[in-house]
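Here's a solo chain for you in C-alpha cells, the form predicted on its own.
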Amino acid sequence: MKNFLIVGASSGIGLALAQSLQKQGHQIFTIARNHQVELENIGIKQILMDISKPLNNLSEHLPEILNGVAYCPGTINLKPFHRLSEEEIMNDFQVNTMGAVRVLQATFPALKKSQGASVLLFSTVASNLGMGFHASIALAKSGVEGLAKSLAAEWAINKIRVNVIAPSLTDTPLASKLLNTDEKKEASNKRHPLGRIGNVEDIVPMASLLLSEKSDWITGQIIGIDGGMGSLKP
C-alpha cells in the first residue's frame, strides 16, 4: 500500500483518479475547502484547507512518507484578452499555479523520504497550441509546465519524478458550462481529429500509470491526451 495526496478530488479527473488509486489498495488523502460526503463514504481521508493560503501545518495531516502527489485543480475562464480583468487573471494563476507551488513545497519532505515518489500536474493543450480566448488559462498552465520541468531536474537527485498531463476539453463538471447544449458539444467534438472531446476515463489510466513505479524512468514530460488536437490537422 502506498500513500497518495490528490488535490482537487471533489469531482472530475481528480475524483476518478482518487477512486482508481484507492481500488488498487492505496491510502488516499485529499485537500479541499469543503467536506465531501462522497469521499468519506469510500474511506478517503480528507484534509480541509484552502490552497490559496499558506499550508503551514499540512504535514501534520499527512503520513511521514508520501509516494505521490497529483495536483488536479483547474479553471475555465474564456474571454477576449481585452475583457480579462487583472483579478480574473490572478485568480487563474492562484488556482492553477500558486496552489501547486504551495502543495509541493509543503509535501517535499515527505516525497523525498519515499526515494521513488511521483508528482503529477495538469496543464492544457492551450499552453502550446495558440487558441483564441485562452490567454488567462494558457498563461497559468504554462507556468505549471515550467514548474514541472524545473522540479523534474532539481528533484531527480531525490528520485522524485515530475510529469504533466495536458488534456484538451474533457467532459467534467468544470467544463459543463462550455458543453451546455448538444450543439456546443457537437461543435467541440468536431474540433478534435478523433471526432470527440475527452472524458475522465481517457485521462485516469495515464495519470495512474505516471504515479506508479511502472513509469519510474519517465520524468520531465508534458504528455498530451487531447484527441490529437495538439499535434494533428486532419
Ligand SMILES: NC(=O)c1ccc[n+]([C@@H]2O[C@H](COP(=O)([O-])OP(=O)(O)OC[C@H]3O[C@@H](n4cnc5c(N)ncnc54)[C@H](OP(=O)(O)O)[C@@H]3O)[C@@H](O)[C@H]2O)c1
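If you're wondering where the values come from, they're calculated on a predicted model, not measured in any experiment. Just count from 1 along the sequence shown to find any residue number.
Here the subject shifts to the form predicted in complex with the named molecule, a form of this protein not shown in this document.
Taking the partner from elsewhere, M131 is found to have every heavy atom lying beyond 4.5 Å of the named molecule in the model of the complex. The named molecule is not shown here, but in the model of the complex it comes within 4.5 Å of a heavy atom of P173. The named molecule is not shown here, and in the model of the complex it never comes within 4.5 Å of any heavy atom of E40. The named molecule in the model of the complex is not approached by V162, whose heavy atoms all lie more than 4.5 angstroms from it. By the 4.5 Å heavy atom rule, the three marked residues N67, G116 and L151 all fail to count as contacting the named molecule in the model of the complex.
With the partner omitted here, the stretch from 204-212, 59-67, 164-172, 183-191 that lies within 4.5 Å of the named molecule by heavy atoms in the model of the complex is 164-172. Though the named molecule is absent from this view, in the model of the complex it lies within 4.5 Å of a heavy atom of just one residue from I76, M98, A156, M90, which is I76. Shown without its partner, the chain has F122, S123, T124 in segment 106-124 as residues with a non-hydrogen atom within 4.5 angstroms of the named molecule in the model of the complex.
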